[in-house]
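A single chain comes next, written as structure tokens; it is the form predicted on its own.
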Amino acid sequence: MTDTSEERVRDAGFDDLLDALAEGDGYYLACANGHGSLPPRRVCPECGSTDLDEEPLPETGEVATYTQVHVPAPSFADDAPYVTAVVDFGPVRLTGQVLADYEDVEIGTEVAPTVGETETNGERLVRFELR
């Protein structure tokens, strides 16, 4: 008999970020030159510095761009339609689902990050709540 259950493999850097966001302690990585990036990273993608420190993520960010997804990837099939956005948090940008109707989102909308699960398979993901 074949075991068809799939055990989820933890993605240390990304799951650590999701854990921190869920606890309200989001963070990003900053090098000495002020460049920000999201974990996991060992090297600054802008200047190549390996001296990276964790800095607190601002509590809110502004929507830089957004769209409504009607034809999702299979892993989001039961979630559609949904709004996804790229949100500017100063030194870094996060991508995630917006917990709002498309008509309630526009460029510059203030949002706060949180963590949720997809309706399709229960995978954790970054979500944004309107402020």
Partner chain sequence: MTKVRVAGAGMTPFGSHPERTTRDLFAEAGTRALDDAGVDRGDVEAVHYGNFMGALSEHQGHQGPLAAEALGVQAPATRYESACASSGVALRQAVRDVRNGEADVLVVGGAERMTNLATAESTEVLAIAADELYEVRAGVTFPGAYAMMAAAYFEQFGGSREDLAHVAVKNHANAVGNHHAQYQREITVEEVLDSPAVADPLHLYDACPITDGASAVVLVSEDYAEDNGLDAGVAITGTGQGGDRMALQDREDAATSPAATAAAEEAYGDAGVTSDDVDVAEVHDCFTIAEVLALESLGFFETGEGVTAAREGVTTRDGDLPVNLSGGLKAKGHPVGATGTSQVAELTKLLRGDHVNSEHVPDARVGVAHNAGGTVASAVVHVLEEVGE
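Residue numbers count along the first chain shown, from 1. This is a predicted model, so every value here is computed, not measured.
A second form of this protein, the form predicted in complex with the partner chain, is not displayed here; the remarks below concern that form.
My question is simply whether residue 11 lines the interface with the partner chain in the model of the complex - judged by any non-hydrogen atom within 4.5 Å.
Heavy-atom contact with the partner chain at 4.5 Å: present for residue 11.
How about residue 32: is it within 4.5 Å of the partner chain in the model of the complex, going by heavy atoms?
Residue 32: no contact with the partner chain in the model of the complex.
If we define contact as a non-hydrogen atom of the residue within 4.5 angstroms of the partner, is residue 56 a contact of the partner chain in the model of the complex?
It does not: once the partner chain is placed as it appears in the model of the complex, residue 56 has no heavy atom within 4.5 Å of it.
If you check in the model of the complex, is residue 42 within 4.5 Å of the partner chain, heavy atoms only?
Taking the distances in the model of the complex, the answer for residue 42 is no, it never comes within 4.5 Å of the partner chain.
101, 78, 51, 46 - the one with a heavy atom within 4.5 Å of the partner chain in the model of the complex:
Checked against the cut-off, the match is 46.
Can you name the residues of 52-87 that have a non-hydrogen atom within 4.5 angstroms of the partner chain in the model of the complex?
Stretch hits, in order: 65, 66, 67, 68, 69, 70, 71, 72, 73, 74, 75, 76, 82, 84, 85, 86.
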